[in-house]
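Heads up, the chain below is alone and in the form predicted alone; it's given as structure tokens.
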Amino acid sequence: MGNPFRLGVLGSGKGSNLAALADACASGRVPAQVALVLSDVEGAGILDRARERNLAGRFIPPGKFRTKLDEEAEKNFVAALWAERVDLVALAGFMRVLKGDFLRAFEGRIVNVHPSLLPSFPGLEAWKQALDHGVKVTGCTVHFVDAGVDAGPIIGQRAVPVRDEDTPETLHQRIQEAEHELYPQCVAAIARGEISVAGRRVVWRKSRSADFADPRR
């Protein structure tokens, strides 16, 4: 057997998507291992989730900017991921926009999960945007990361109905439940080499695995 597919996970918050990815890896549903967890927030919950699962995790100071990594921090993040020979960088609630040098270091190898059906409602608190807009269906999207904000090629999506009685909190909770199913499915497909990118379109090959349902359903 070859070397295992290695994930680097970046996050700023509680770490529920890290938990979903790591548990799917541990169970064999995703043919990969989480090699490293990094956070720009000291004491972030995602680092607790990593410790609970005996995963390598650490805080790297983000630098002087509020919405992006400064130059030194970017170099430190990239160096840490390179040192662990990471094949794919998975963003899990990472609240900073990645810029040119980081994107070039892992070109075509960074993915993110966003709490809306992109291209609708990019940016922050997308579930609130959806609720305020009055849509009847929203959901989540896993996509490749490029220089735009939530603008990279879409890998998979899962719809979530908006209920009349929903609050931002209840809608966000159901979207997160969908994320925890969709994100491992998409990472598994990447690890197995089951997708290709043609322009802005991501094309899935028919999977031989029955581990997951088709995330495009």
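Keep in mind that this is a model prediction, so the values were computed, not measured. Sequential numbering from 1, following the sequence displayed.
Just so you know, the form predicted together with glycinamide ribonucleotide exists too; it's not on screen, but the next bit is about it.
query: Where, among 69-77, 111-119, 82-90, 97-105, do residues come within 4.5 Å of glycinamide ribonucleotide in the predicted bound form by heavy atom distance?
result: Partner-contacting stretch among the options: 111-119.
message: Taking any heavy atom pair closer than or equal to 4.5 Å as contact, tell me whether Gln176 reaches glycinamide ribonucleotide in the predicted bound form.
response: Yes, Gln176 lies within 4.5 Å of glycinamide ribonucleotide in the predicted bound form.
query: Does glycinamide ribonucleotide get within 4.5 angstroms of any non-hydrogen atom of His172 in the predicted bound form?
result: Looking in the predicted bound form, residue contacts with glycinamide ribonucleotide include His172, since a heavy atom lies within 4.5 Å.
field: Close approach of Asp150 to glycinamide ribonucleotide in the predicted bound form, 4.5 Å, heavy atom
entry: It does: once glycinamide ribonucleotide is placed as it appears in the predicted bound form, Asp150 has a heavy atom within 4.5 Å of it.
- prompt: Does glycinamide ribonucleotide come within 4.5 Å of any heavy atom of Arg200 in the predicted bound form?
  reply: The answer is no: Arg200 has no heavy atom within 4.5 Å of glycinamide ribonucleotide.
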